[in-house]
Each structure stands twice: as structure tokens, then as C-alpha cells.
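One chain is shown next in C-alpha cells, namely the form predicted alone.
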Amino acid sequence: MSGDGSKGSSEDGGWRERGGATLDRLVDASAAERVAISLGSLVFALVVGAVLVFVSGFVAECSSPFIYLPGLGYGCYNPLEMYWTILDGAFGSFTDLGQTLLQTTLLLFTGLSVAVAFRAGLFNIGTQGQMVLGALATAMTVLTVGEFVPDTLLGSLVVIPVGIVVGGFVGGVWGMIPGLMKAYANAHEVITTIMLNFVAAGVAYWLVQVHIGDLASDSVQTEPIPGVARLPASIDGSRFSLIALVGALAIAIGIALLYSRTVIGYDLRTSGIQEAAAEYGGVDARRNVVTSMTLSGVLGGIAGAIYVTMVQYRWQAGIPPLGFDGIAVSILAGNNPIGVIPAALLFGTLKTGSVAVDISLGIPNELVEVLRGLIILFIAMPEFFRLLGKHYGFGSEPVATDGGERR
């Protein structure tokens, strides 16, 4: 018994040592190594997704199967054709490219909103609610201001920035609420932001349906915004605007510089990750928690403003869950503002390409959603364990010395 017990104990110790060594290696991984891990995980996810789609084809019904295997029967889904259709549906024409870039732009804003909170050690699940209210505020603002400006380029230069600023302001105020509750009442931001999503959707729906909406319409929506308040389309057949994409890229770079090159960014990171250490260093941790959540809300509100001025041209109930998609984008990017750019492009490609897959191949959209989930899972897991290891002190550098960031 003692021999078996010693052997079991030795094996347990070996597993713990190997697990600890793995966490040390993950925490100390360089930026290039993390990129390589993400790319490898992406390839693995695509392979697993291909196998899943291939197997699913044997239980589906179709008029023209592409393969027959003895013992299994006819297979309906060709994984290589599916991946090609996704790429062709996302980039096969200028219109498709415009739709992909449109989705990418919106996901950039929502992904950055979530990433800003994550970088400060906070979980903002409420980007969707901040986006909904920001979109409504923008729609009502441009409808009002649009009546007093000329229908010219000069008018657009006035009404569009005003609408975006108001949308960002309202989103920021909505994001500040859970920040205040976190900082001064110790209310967990995950719970409060989730609940505020429902509050935001309910308030916006009630306001539009009863007071400020287009009462002549059967739908719950505002009147269409004037042409002077619409971002100019850059590609025919799509409402994508290059101005919005360039603005999103500039904000991503600005946030990266804010968090990596400024004292303010250092304070924001340390306040959310190690409040006690921040307070010891003379930083007002509570104030910075509120600031981080407010900044996150501002970006969510701007996402809503862009949605109104570039996509929908009005506020309408049933805004797509881009705020929740932003959570996946941020996780995929490792909460890095620059990493959000390729992550948003990947998700924009999948969102646009999945439509072509459903129409051209008859593969259920749910399977494409599963593929997207696999990509998130495979790429997020190494980052999850890296953050877990960093939290419990693995790696060669102490966390507090650089505000929770390792180079």
C-alpha cells in the first residue's frame, strides 16, 4: 500500500511540477510566441471544425451528396467547399468586401469597449446596453440638429460629430453606473452590467414605442435620420464607410498608446488588477475603476452611434448583439487593443461568409456558429491559462512591478 501510495504521490507531484512549468512558460511567453500559439490554435480549430462539418453531413439530408463512404452512407457537406464559400462570400466581390468591413468596423468598437475594461481587470458585459442607448441618443440628436443645418458637406461636418459625441456620452454615463457601484458599493460589475443590459433595452424600447418613435409605423423605430447625418458609403452596394473604419483604427492605436506609454494608462491598469497596490502607490483606485468603466461605455456608445449613422439610418428595436460579439473579439485578441483589429476582421469575415454558406451550400448557420465557437475556445484557452497563471504568481516576473503587464 505504502509503495502504491508513494508512487501515486510521486505521480501527483510530477503532474503539479509539469503543470506549474507549463504555466510559467505561458506567463513568460513573448508577444511573438503568443501570436504563434494563437495561429496554431486557429489552424487546429479549423481542422476540428472541418471534421465536425464533414461528420454532420452524414446525418443530414440533401439532393446531391458529394461523397459516399461504405458503412456510413452519403455525406452532404464538403468542409473545403464550406471554407472556400466563407472566403468567397466575404471577399468575392466589392459588395461582399464592403459588408465584411462594415461588420469589422462595428466589432472593432465593441471589441475595444470590452478590452478597455478587461485591461483594467474589469468585466464589462454591458457593452450591448451602452450601444443601444448610445444609438438611440445619436438618432434623436441628429434628427433634431439635422433640421437646423444645411444639406451640404458643411452640415455633415457638424451633425455627424455631434451625434457621435452624444452617443459616446450617453454610453459613457451608462458605463459609469456599474463603475460607481463597483468602486463604492463593491457590487460585482458582471452582475450589474448584465442587468443594466435589460434595463437599457427596456427603457429604449419604451421611449421609442410610447414617446419619441415613429408612431405612424407598426415597428418600434424612430424616423429615418436625414441624409446629411449619414456617413458616406465608400463601396457601391454596401453602406460601409471608410471614415468609420479609419476612426476605429485610430482609436485602437490611441488606446494601445494610452495603456502602454502614459502614466494614466498605468494607473488604470493597476487600479483594476491590484487595488491595494495601487492605493499603496498613491493612486486613487476607486476613481480609476469608474474611469475605466466610463471609457468602456463611451466606446460602446460610439459603436451605437456608428450603427445608426452607417448601417441602419435610424434606431430600430432588435439591434444585433454586437456588444456580446465584442466579448469574443476581445478574448480572441488577448484584450490587446491592437490584437482587436485582426480579431474583428476574422469575426467580420465569419459573420458575412456564413450567410453565403447558408444560401449556397445549405449548411445550417448553426454549424458555422459552432465553428466560430471552436475558434474562440481554442484560441482563448492558452490566454485563459496564461492569465490564470499570472494571477496566481507563476512566471519569472512579479506582476505588481509593471501594472499587471508582462512584456
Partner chain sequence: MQRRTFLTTAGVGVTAGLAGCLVDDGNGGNGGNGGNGGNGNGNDTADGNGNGGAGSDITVGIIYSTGGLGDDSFNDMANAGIERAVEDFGISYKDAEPDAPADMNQMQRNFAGDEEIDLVCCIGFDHATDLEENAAEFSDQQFVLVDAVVEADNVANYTFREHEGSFQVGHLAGLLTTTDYAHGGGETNTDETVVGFVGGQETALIDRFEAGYIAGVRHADDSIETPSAYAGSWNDPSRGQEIASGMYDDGADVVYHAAGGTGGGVFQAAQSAGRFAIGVDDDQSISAEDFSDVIVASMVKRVDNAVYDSVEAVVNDEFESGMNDLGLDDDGSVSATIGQDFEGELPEDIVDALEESRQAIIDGEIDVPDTTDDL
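Predicted, not measured: the structure shown is a model, and the values here were computed from it. Positions refer to the first chain, counted from 1.
Omitted here: the form predicted in complex with its partner chain. The next part is about that form.
Every member of the trio Q316, V355 and D358 reaches its partner chain in the model of the complex with some non-hydrogen atom inside 4.5 Å. This chain is drawn without its partner chain; in the model of the complex, the residue among Q312, S260, S234, N78 with a heavy atom within 4.5 Å of it is Q312. With the partner removed from view, the residue among G281, G92, P320, G265 that has a non-hydrogen atom within 4.5 Å of its partner chain in the model of the complex turns out to be P320. Although the partner is absent here, R239 is a contact residue: one of its heavy atoms lies within 4.5 angstroms of its partner chain in the model of the complex.
Among heavy atoms of N365, some come within 4.5 Å of its partner chain in the model of the complex.
Taking non-hydrogen atoms only, F324 never approaches its partner chain to within 4.5 angstroms in the model of the complex. Not displayed here, its partner chain is kept clear of W174 by more than 4.5 Å at the level of heavy atoms in the model of the complex.
The stretch in contact with its partner chain in the model of the complex, judged by heavy atoms within 4.5 Å, is 219 to 227, chosen from 219 to 227, 148 to 156, 118 to 126, 192 to 200. In the model of the complex, just one residue of 95 to 134 lies within 4.5 Å of its partner chain by at least one heavy atom: Q99.
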